[in-house]
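Structure 1 and structure 2 below are two forms of the same protein chain, each written out on its own as structure tokens.
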Structure 1
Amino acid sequence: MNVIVCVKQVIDPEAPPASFKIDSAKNKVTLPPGVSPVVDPYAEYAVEAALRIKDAQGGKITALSLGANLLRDVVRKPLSMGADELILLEDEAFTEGDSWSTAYALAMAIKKVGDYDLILCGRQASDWDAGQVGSGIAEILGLPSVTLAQKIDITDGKARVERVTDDGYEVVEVSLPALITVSNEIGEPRYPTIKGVVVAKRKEPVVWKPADIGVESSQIGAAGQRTRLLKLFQPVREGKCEIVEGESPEEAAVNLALKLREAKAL
């Protein structure tokens, strides 16, 4: 089994929301000082799914990432977890894309890789939460796709996928090659081992520019966007707290019930 996993370098989602600043004029986020980027947590679930398939079936895992000025210690994490190869689409032309231009660049890189049975992506990225790139890659490559996988079993050239739904899960079978987006229900990603970290540091990623995947700069990144961001802002949340009192717990409970009835919460 040859598996390609798409991963993304993102701002650490654990960073305090108050540390983010919005440039309203440019519709951009100012990166908080002192907060290092990480591999997108949802992408780590996809790497874990790929490693489980490799453990059961054997084969090769290729991690694929896109951006500019990617931090090697960050994007090497799939290698330290057990992936075999890392390909970086690294150029300023790849940056600030929307879901379409990002999916297009990744799809063209996957075409160049050529030899694959399965493509895995996280269900969404923790920075924009759009959840569109995986399905976009499948559409561009003409592949069947399944989203929100919590379990993947490969047998006889087919993937049997348990797909998360609002009230449980459904089982879907799809012929390979295919693209599957992986949800966090698949289970916690394994920790990199010391040996894995050492091996990852010794492996140099393959770096491709737009010309290497046969695309023009006008087709990718900001230049290739098919959507326009009208407004980027931090929502203002205001809360009001009222203490309901009484001479006794029973009276306080009655007063609370009356307040809730007035507010039509009961």
Structure 2
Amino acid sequence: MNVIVCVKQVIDPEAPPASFKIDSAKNKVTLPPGVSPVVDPYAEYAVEAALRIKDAQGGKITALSLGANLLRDVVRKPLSMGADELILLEDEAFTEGDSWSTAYALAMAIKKVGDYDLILCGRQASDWDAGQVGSGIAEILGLPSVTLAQKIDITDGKARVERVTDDGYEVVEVSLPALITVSNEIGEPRYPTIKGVVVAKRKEPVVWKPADIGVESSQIGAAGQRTRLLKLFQPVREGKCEIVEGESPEEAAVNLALKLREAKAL
């Protein structure tokens, strides 16, 4: 089984909400001070899913990240978890893309890799929360896709996928090669082992530029967008929490109940 996993580098989604600021002139998030970028947590679930498949039947895992200024210590994480190879699509031209231009570049890179049975993506990326790139890659490559997987079993050239639905899950069988997007229900991603980190450090990522995957710069990054970001903002909070007090926690609790009654919330 050859598996390709698409992994994005993002601003840490678990940075404290209060540290989150926007530069409205540039329509961009300013990096919270002291908070390092991370591997997108959803993509980490995809890496975990790939590793479980490899654990069960062997094979090779290739991680693929697209961006600019990718921090080697960050994007190496799939390697230190147990992936075999890392390919970076790293160039300014790739950046500021939307789902379209990103999926297109990733799909062309996957075509160049060529030898794969399965492509895994996160259900969405934790920055734009779009959830489109996976389906987009599948459509561009003409592959079947199953989204929102919480479990993947491979048998006889087919994947049996538990797909999360609004009120439970369904079991879907798909022929390979296929693209599957992975949801957090798959379970905690493993931690890199010390040996994993050492091995990862020795592996140099392969870096591809637009020309290496045969794409025109008009089709990728900002130039290839089909959606336009008009505005990025933080909605104003009324920000008025009435703290209900009391001599003791119990009394505060009673006062809270009275307060809610008064406000007709009870």
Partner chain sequence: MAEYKGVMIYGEVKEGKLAVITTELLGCGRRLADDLGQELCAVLLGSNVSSLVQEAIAFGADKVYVVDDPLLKDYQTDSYVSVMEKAVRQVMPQILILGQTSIGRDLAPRLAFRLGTAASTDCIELAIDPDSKLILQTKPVYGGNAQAIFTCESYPQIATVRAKAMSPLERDDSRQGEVITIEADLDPSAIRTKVLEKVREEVEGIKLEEAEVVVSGGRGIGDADGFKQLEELAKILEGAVGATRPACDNGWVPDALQVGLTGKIVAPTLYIAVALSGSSQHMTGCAGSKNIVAINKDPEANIFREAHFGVVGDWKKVLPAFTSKVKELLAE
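Each residue is numbered by where it sits in the sequence of structure 1, with counting from 1. Between two forms, the rigid core is defined as the largest C-alpha subset superposing within 1.5 Å. Note that the structure is predicted; figures quoted are calculated from it, not measured.
Between structures 1 and 2, only structure 1 derives from the form predicted on its own. Once both forms are fitted on their core, a CA shift of 2 Å or more is seen for K26 between structure 1 and structure 2. After superposing the rigid core, the Cα of P13 is displaced by less than 2 Å between structure 1 and structure 2.
The two forms line up on their rigid core, and L260 then has its Cα shifted by 7.4 Å between structure 1 and structure 2.
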